[in-house]
Each structure stands twice: as structure tokens, then as C-alpha cells.
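Read the single chain below, which is given as C-alpha cells and is the form predicted on its own.
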Amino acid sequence: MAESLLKAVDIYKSFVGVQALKKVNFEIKPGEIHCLAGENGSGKSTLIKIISGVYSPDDGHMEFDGKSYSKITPIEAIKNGIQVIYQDFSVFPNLTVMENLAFNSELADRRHLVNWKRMREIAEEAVAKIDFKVDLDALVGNLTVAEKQMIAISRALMFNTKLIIMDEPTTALTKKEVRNLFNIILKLKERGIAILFVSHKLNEVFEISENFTILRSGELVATGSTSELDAKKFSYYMTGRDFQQRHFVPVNLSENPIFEARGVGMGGRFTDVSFAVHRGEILGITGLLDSGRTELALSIFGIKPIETGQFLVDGNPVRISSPQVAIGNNIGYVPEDRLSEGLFLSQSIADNIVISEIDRLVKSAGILDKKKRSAEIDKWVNELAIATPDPNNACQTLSGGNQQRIVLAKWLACNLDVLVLNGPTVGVDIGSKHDIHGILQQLAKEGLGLIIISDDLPEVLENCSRVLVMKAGRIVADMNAGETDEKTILSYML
């Protein structure tokens, strides 16, 4: 058995009295693909930063190739072959691919003058290591997420790398791009490079990882071979809760649709799309990223108005030309990127909840009714179980799952008839994901019409009563969710 490449031994770390890690042990061997999992706040990021030298442990020590360190610097971690690829990839969007790849080498060698020929040679050698075909003179800001990730991997391999830590590497990738990434990871493994894969996506954990470590509330709760793990155990280790599989079955469907699309189309993004949504129903719309599903969601909310066909609300034709018109027709929209599109992160939790109904909370004299505002905030914090000690805290202090609940609260306060959710649990951990699904199913039972747009097929099958599959801007299948499966849906998507 190979000797350990890295060991974290009895690691403790706290911040202002909050115990982030408590007696955590971790080990990875050369060429091993290891999954580090845990919910938001479990201590994953803290452990990564201790391994990479960003933080120093309060107690315990690190071992690199058998050599012990009570603390290390980021430079020492790099010299020991440790590289971290964070979710934002830490690339310079205003620089070229060549400049991004050669920049660190030039700094490390303390060069004072730019030698463009040398920089191009460095960049060519870097991309060749993973057979990455890219225009070295292209601005990185114009590249896709997957291409930026390949640049980060190429750059990481330039420094005698022994371990690459990938933090949620598949969050913004398509299924095809995930497959390409996994192929790269397997090639790195063959070269003896270890991969620490940080994720909470069950299917990816089982597909790519040989071993796993799960943290919960700063403590190690399980570690071992992935072959001995199943979805039920994984969820329990992550959350400490037993989840029951629950497929949504609609009750008390309205006789007539609350919302209809009849032959709608927009600028070549989607064409001749028709469907209907009843009160009490959850309609799922799925497809690959270029299928037109996101553009359809934006058109329902008036961000990108349709050019052909018509929408109907309660049987009446409506031209949804803007979000204001959509809101006026009791249609809400939860965007996929809640951070940039769904929330005012620096503002308070309270303000984010009531912002969409602020006119209703103002007295006739134009003065905010503080008592009514406070009652509304308390209502949604309690109903959606938003975990906060004080609603006046900034929204950015919450976990992803709680932020998503605030987006839901903002819209539910508007007494909607239809709610469109684009990727409702993207970036949300297992426990919060399960809770949000429960909230959505309960909303449908109370008479709301919901449309879930997602490429997370287990999510669609569990929560939707009907599933529409989009491909190349058209609906290619309309299925009863209880009578189909992932394989069948994928056959239409692909």
C-alpha cells in the first residue's frame, strides 16, 4: 500500500468562539481520488484552507510525504505539491489565456521584463499536459466556464503538483463538460496525482471518487471506501437525518389551467412551445443548457418577451412584456443565480423578504407601517424555517439553503398564482434541498401552480407531476413523472 501523500492529524480550528473543526483527521495517498463532503458550515472550506496554508490550525499538525508541520504558509504548501482550484478559478478575465498561464511562473522566477516568446512556450507546455485545445491569445473573460476550469487545471500542473483540490468543480458545467472533466481527473490519477474532490452531489461522488470523508458541524463523521456507501448512508452522514423518498402526487387540481403557453417562440431560442399549468400542479421542464429551457423561463417572467404565440392567465391572453407585467398577473420567478439576480446580499434578511410587497406595507401617508412589516417578516421566517438569530443581519451571512428560502419568501409574500423556479436547489446542500422540496410540494397542495426548470433529473422526478423535455428549442416529450425514469428522459435530451 502506498504511503500517504498528506495527513491532517487531530486538527482543531475555531473563529471568535465558534468551533469550525474539532479533532479532524484526514488522509490521501498518491493517485487517489477522494471526495470531501459535508453541508454548508460543516468545515470543508476551513480544512481546505488549513491544508493549503491559508489558515493555521489551533491544534494538531499536517504531514506532507511523512514530514510534520504544525503550520505552513501557502508557499510551503505549493512547494509540497498542493494546488487548490476554487469555484471562481482565480483567473484574470481581462488577460489572455497565455498571460494567465505564464503569469505565476514569471513572478516565481522574479522576471522584470516580459519575454513574449518565453511566455508562449510556458503556456503551450501547460495546455499540452492535459491536451487542452484553446486559442492562447483569447481573452479569458470571453471563454466558457469549462474552458476557464481547464486553464485553472493547466496552471495547477505547472508546479510539480502532487495534489489538486477541486472545490465544487461541476457547479456550472453541463453534463458533457462534467464528463470531460472526469476524463481529465482519471488521466491525472494515472500520472500519480491525487485529487481531493469537494462536492455534495451524490451521483458525482459515487462516479468519480474511490474514497470519501464526510464532515458535519466541524467533526469527522465518516470516512472509507465509496464502494461501501449508498445514497441513504451518504445523506444520513451529511445531515444526521433519515430522509424518506417522496414522489409528489398532485391533489385538488383546478379544472381549468391557471397558466398556458400556446405556440410561443422567441428569436430562434425556442419555437412552437405549448403547455398548460393547473393550480396544485408542479410542472417540470428539463433539457440541456442550450435546449431553450432558461430562455423559456425568462419569457414567462417578461425578461425576454416572446415574439410569437401567446400566454394566457386564467384563460385570458396576456402580453408579458416585462417583469412588472408578470408580477401584475401574480407570476413570480426564482432565478438560478440567487446571488446576483435574486437577492440584495448586503441588505438585511428582513428587507429582502418584504422588498416585493413594500407598497402594501406603506400607510396612506406614505409612511412604512413598521408593525405590519415586522409581522410579515416573522411570518415568513417561521413558515420557511429560515435559520437566523436576527432578521436584521445581512443576507450574505446565511447559507445557500437559507438564502434560497428568502427568495421564496419574497415571492410568496406577493400572493402568487404561478411560481417559476429555475434550478431551485443549485448550490444547496442535501438537507436544505430536501426541506425546499417539501416547501414546494406543500405550496402546490395549497393551490399554487409551479414550474420547475432543472437538469437535476432526480429533483424533477421527485417533485413534478409532469415532465416536459426540451431539445433545440422544442418540446420533444411530455411525460407523467410517475411513469418515467432518468434513462428515458436522457434519451430524449440527448
Partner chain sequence: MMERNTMQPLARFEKLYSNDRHLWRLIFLIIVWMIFIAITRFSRFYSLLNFQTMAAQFPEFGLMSLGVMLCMITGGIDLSVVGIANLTSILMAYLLIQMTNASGMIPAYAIPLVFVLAVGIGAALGIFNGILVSKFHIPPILATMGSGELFTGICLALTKGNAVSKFSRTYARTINNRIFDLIPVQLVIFIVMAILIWFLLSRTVFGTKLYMLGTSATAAKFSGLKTDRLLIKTYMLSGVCAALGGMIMLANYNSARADYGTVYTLQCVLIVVLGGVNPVGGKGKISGVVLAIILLRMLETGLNRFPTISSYYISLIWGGVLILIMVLNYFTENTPRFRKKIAR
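Numbering follows the first chain given and starts at 1. Here the rigid core means the biggest group of C-alpha atoms that line up within 1.5 Å when the two forms are laid on top of each other. Just so you know, these numbers come straight off a predicted model, no measurement behind them.
As for the form predicted together with its partner chain, it is not shown, yet the points below apply to it.
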Is the gap between Arg293 and its partner chain in the predicted bound form 4.5 Å or less for some heavy atom pair? no
With the cut-off set at 4.5 Å between non-hydrogen atoms, does Ile122 touch its partner chain in the predicted bound form? no
Any chance Gly280 has a heavy atom within 4.5 Å of its partner chain in the predicted bound form? no
Taking any heavy atom pair closer than or equal to 4.5 Å as contact, tell me whether Asp359 reaches its partner chain in the predicted bound form. yes
Candidate spot Thr170, Phe206 and Ala231, all three in 4.5 Å heavy atom range of its partner chain in the predicted bound form? no
Could you tell me which one of Ile185, Val178, Ile303, Ala413 places a heavy atom within 4.5 Å of its partner chain in the predicted bound form? Ile303
Note: exactly one of Glu383, Asp314, Asp390, Asp131 sits with a heavy atom within 4.5 Å of its partner chain in the predicted bound form, namely Asp390
In contact with its partner chain in the predicted bound form (heavy atoms, 4.5 Å), from 324-332, 207-215, 194-202, 233-241, is stretch 324-332
Within 199-225, the residues having any heavy atom within 4.5 Å of its partner chain in the predicted bound form are none
Does Leu398 show a Cα shift reaching 2 Å between this form and the one not shown after rigid-core superposition? yes
Please state whether Glu204 has a C-alpha shift of 2 Å or more between this form and the one not shown, with the rigid core used for the fit. no
Does the C-alpha of Lys363 move 2 Å or more between this form and the one not shown once the rigid core is lined up? yes
Against the shown form, C-alpha atoms of Leu215 and Pro389 in the predicted bound form: closer or farther, for a change of 3 Å or more? farther
Checking the C-alpha spacing of Pro323 and Gly366, a student should find that in the predicted bound form it changes by 3 angstroms or more, with the atoms closer
